[in-house]
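Only one chain is included here, represented as structure tokens and corresponding to the form predicted on its own.
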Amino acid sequence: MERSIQTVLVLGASGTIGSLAGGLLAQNGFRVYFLSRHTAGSLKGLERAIAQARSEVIARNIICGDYDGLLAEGCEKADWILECVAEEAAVKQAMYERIEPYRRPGTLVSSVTSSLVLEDLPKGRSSDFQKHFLSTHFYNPPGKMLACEICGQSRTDPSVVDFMADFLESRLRRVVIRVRPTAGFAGNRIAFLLFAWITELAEVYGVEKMDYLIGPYTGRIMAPLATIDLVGLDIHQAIIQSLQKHTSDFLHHKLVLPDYVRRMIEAGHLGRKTREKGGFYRRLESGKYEYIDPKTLDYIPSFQPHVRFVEEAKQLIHLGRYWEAFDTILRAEGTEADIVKQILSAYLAYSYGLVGEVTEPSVGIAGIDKVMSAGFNWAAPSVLVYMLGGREKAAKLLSGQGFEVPAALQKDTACEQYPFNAGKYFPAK
């Protein structure tokens, strides 16, 4: 069957990912329906898409409306229905039931779900619907984060997944990572486990201290708690709860949502989306930041932590001496050093441990490398192994921190290759 995409219907266009993924399609010349519960929400989504594109020209390719007014027309015209509604199975399934009477046979339907079990979502729908149903998990914001995890479920026609993978790569310039239909896929399962662990440690050591210890010099453009502020604490909570429900492995006990994070959400401290109330950080008119105290939920001034091994490692990274920088970390002693080594070890152990479970064994670490670098701006696991001095040193670190060394790490060859631009993930700041 010859497939093509000319028109796309975005469901949930008032949300961040719906509006920005839809805007990306409009930028590339596709006709896009922006639908949400209210037309006003779709128009706000249009504003967000225009801001991403930095051009009002894309508006000519976008039709805004609501479900009551334009759902039938959008479904009948669409070659691809992109579902971006709330990350709740019942909400998504209700939407699929609503669109099925209007959807043309053969129309592709994909979900941007990041944490739900894909197999469960299209249950009860027609055979044709399920045959053309898959996941296209865009990363936020798609204008900057190019990763897109993709997979079908047991009833999806494999040719549909092949077509969509080619379309995303060739027409939308996505970095496509093929994954198995597991909750959280690769990127969110790894990142949010580390986020959860770090929020727990922040209750003891403070927000500023944890983002300082696990900051950019360890291989990430943005520090962890600052990243949660960008994502939104409510989204963080939803992903953690879904992973708690749908996954179980050797680090499952680290999928925590501390009580102070729940209290932050209840009080409206959701991150950047609640600018005045803030999240882990709150920006002042002066441009400086205050940090929330997990015990009181009051904001406190920065105290600018200073730990010797961190500053030494940052200076070496500034000079491009990465091996020496990480050797400094490995040789450091004390509570702060133990925290850094534990988090680095967990990242490597979990990433390599998911090879064969979330990504195909034949791909090795390559798929997880791509999603962590193109989805989170984190140094890929194999790059971090290289920076640590190779497989043997990485394995020694993991064993010393109480982690079993995954088989995928023991036979990895990707870590022997140094990508020319890998240094961008280790800014010395």
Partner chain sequence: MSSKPVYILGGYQTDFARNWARENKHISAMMREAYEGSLAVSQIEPRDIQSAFVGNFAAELYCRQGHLGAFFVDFDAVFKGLPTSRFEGACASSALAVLSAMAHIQAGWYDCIAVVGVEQMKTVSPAEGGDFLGTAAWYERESAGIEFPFPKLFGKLGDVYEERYGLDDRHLARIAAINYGNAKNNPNAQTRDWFMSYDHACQKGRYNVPITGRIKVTDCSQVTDGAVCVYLASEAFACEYANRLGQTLETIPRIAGWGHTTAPIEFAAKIAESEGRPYVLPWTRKAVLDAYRRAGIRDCWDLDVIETHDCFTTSEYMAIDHFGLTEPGQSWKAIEEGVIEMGGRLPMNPSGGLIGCGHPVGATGARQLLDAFKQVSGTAGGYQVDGARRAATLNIGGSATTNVVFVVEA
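Just so it is clear, the structure is predicted and the values come from calculations on it, not from any experiment. Positions refer to the first chain, counted from 1.
Another form exists, predicted together with the partner chain; not displayed. Remarks below refer to it.
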Given the stretches 36-44, 396-404, 50-58, 371-379, which is the single one in contact with the partner chain in the predicted complex, using a heavy atom cutoff of 4.5 Å? 50-58
Given that the partner chain is left out here, which of 284, 267, 91, 319 has a heavy atom within 4.5 Å of it in the predicted complex? 319
With a 4.5 Å heavy atom cut-off, would you call residue 331 a contact of the partner chain in the predicted complex? no
If you check in the predicted complex, is residue 173 within 4.5 Å of the partner chain, heavy atoms only? yes
Evaluate residue 410 for contact with the partner chain in the predicted complex, applying a 4.5 angstroms cut-off between non-hydrogen atoms, and reply yes or no. no
Residue-level contact is defined here as any heavy atom of the residue lying within 4.5 Å of the partner chain in the predicted complex; does residue 146 satisfy this criterion? yes
